[in-house]
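We've got the same protein chain twice here, in two forms, each standing alone as structure tokens: structure 1 and structure 2.
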Structure 1
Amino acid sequence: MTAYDDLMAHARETEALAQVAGRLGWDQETVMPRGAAAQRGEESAAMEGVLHARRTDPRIGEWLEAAEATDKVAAANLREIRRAFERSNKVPAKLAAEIARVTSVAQGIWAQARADEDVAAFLPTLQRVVALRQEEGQALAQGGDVYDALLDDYEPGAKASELDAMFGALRPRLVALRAAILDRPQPTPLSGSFDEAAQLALSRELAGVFGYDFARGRIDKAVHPFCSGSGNDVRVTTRTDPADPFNCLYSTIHEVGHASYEQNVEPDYLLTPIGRGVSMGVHESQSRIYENQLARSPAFAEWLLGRMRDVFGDIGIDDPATFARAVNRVSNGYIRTEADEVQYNLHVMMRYDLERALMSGDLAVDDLEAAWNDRFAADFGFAVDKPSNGCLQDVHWSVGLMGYFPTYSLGNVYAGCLHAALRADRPGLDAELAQGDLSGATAWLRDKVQRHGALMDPRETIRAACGFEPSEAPLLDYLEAKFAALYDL
């Protein structure tokens, strides 16, 4: 066997163990008994210790030194292994295990504090998480920018300076569009009875329409919808609201976008470093284009209206144009995950600025709630009414995902680029969507993006799929055109 063969055999075992660790996280969010939280923290720490030891094995350095890339797949695998090896060796094993243990327990403490509307109960735990991630960021940055070092975990190669420019380009046009829309009459809301079992049944149908393979996946309920796994075991979760079936249906479609990316990576890449999504920004591009550009399009809304009336009976709307406006309703709200396309990125910008301040030490954890509430009032024009609608609404900081939030907006920007390229290649797309036929659109995304996994770096993946350099312009142009038509601007 060659050095490359030995290296890849080691990498495959490491990837397999990482999938097992991920399954522990899925279990914790879906079916784990509440009383098991502390034990699960110890289990997660033990798994992280094993993974960290494998990722820092000195033999990896020797194999990398001797291995030769015979093709682009081998070159990509070596790139990913080298990046992970260098990163892991910068973080002490004890710190990696402690982060895994603390964040596993912190998630349960956050969930209880959120349910109790008690920020003070969560702050000591958050203080510990922030301190650990600051320590990790300093180890990774080695004198450089701590936030950039953490961001690189989720979007390799991205820099905060680039994100500042992206948000600077997005904000003025989004704020202007929001102001114009909120001056218009609000769309007619749905009315009726939306049984939970019926919502879940329709969400399963929609998952199939968007290409989710149930032979290699499943759908369960969770407080915060998510996707977990890769290859032949990719699981999604959703949630229900008896007054709002859109919450369940569109959460499911969103997570199916993530799941489709993982299910559709080339089978030969299974359990290799490139056998997964290349970054969270590219991952989010798939979930957002499934949910928004495709599933919230007026064309698809016409088909969905028929299915919802079949399932729920009278929903208070029978006109496709009125239903499309309801699907794309722009209104004041607190919750990022429930925000409309126009305001979603404004929610992300706020979190990005706050977490950068936390990581730099410019914002003390004890001052987070006040800083959040002040910034929210300034950005959205009304006050936060309770912590679960404010700084306790997102799970991310409790599990140490500092640097993750901006990848949501980066994903929206990438989705805007992909949507422009998709429509250029498929001029009859709306006719397909109006029939509930997603096969052409999802096949295009599978071929252009998903099958490649991490073969290319994030921006190169989008550039190759679209045929042009990614920018904010396609997303902004799409939003302005779509909502001008829906709201008669």
Structure 2
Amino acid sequence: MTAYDDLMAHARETEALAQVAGRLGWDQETVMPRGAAAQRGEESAAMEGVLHARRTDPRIGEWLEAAEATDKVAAANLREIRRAFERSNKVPAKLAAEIARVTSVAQGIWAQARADEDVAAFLPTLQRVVALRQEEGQALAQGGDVYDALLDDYEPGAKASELDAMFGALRPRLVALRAAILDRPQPTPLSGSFDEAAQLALSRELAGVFGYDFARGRIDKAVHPFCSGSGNDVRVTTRTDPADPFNCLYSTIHEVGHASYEQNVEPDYLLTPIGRGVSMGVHESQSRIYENQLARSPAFAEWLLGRMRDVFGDIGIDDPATFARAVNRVSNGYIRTEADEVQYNLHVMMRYDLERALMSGDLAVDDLEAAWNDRFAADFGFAVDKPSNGCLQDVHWSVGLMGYFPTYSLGNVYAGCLHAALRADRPGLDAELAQGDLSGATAWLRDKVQRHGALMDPRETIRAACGFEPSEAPLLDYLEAKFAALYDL
């Protein structure tokens, strides 16, 4: 056994345990009895304790010193192991445990405050979470930029300065595009009756169409759609809304994008440090290209219209152009997760600016609601009506995920790049999509992105897939062209 072999054997067990811990999360959101919550807290904390002890095992430091990378795969595994080891060792165990403890309680307090429309009830908890994450960020940054240090957990190597530039490039063209679209008449909405079982059956069919492997996964209902697990056990959840079948169908396709990235990593990488998606941004690029560039394309919408009429009968729309506008409806709304492709990134950039100000101390937690409401009115042109439509809408800050939000926009930008490269490689894509045939597009993404897992760093993953340097231009060009055609701008 070489030092590298020892390191990988240890890492493999750690990855297996991380899968177990992740599945506890799936269980909690789908099948756990409601009375089990407190006991589950102890179980999850015990698993986190085991994982933290393994990740800070001093033998890792010794093995890392002695280990040599003989190829690109080994180098990538060593990079990932070193990153996790250094990160774990920078954060005192007591602080890590306190963050785990506080955030697990904070999520419940946030949910109650949101249900009660009571921002004040959440603020003391948020104050504590912000302070703990500031402390953690300082420990991680070691004198460098605190926000960059937090961001690195979700998007290794990304810097706030790059994100500033990204949002700066996105903002004016998205604002102009929105104004042009909102100037046009709103599209015809769906009408009809959308049986829940039929929604779920169609969503499963779509999952299969987009390449989800049901032999190595399952789809269940949950309050929030999510994807959980890696390799051969990758589970998806979805939800249904009796009035809006798009909610179930497009949520499922979105999560299948995430799931495909995890299911399609090279089998040899399974349970190794590179055997999973490399970053939140690249992950989101897969879910967004599945959901938007592919499933909201007019070509695919034409096929979907036929399937929906087969399944639901009269849905109030029978021509493809009207239906394509319905799946690409742009309208005023408060909620990020329900936002259209044009406005989604405007929601994200607002959260990004606010969380940076919170973490730097420029914005006091007590002033968050006012700052949110002012910024929302300025960016969206109408006032927030209640906290659940405002600063209490997202779970992220309650669980300490400061630094996560911008990866959504990064994912959209990467999806735009991948889409441009895919179109260049497959000029007949629209003809395939119009037949409900996703096999070519998903095979391309599997080959170019998904199979590599974390072999390359995030930006290199996208650059290698596209053959060009990632930028905001392809996303913006795509959005402007698509919506100009749809809305006759």
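Just so it is clear, the structure is predicted and the values come from calculations on it, not from any experiment. All residue numbers here refer to structure 1's sequence, counted from 1. For clarity, a rigid core is taken as the largest C-alpha set superposing within 1.5 Å between two forms.
- As summarised for this chain, the first structure is the form predicted on its own, and the second is not.
- Shown in the overlay between the two structures, fitted on the rigid core, is a CA shift at Q39 of 2 Å or greater.
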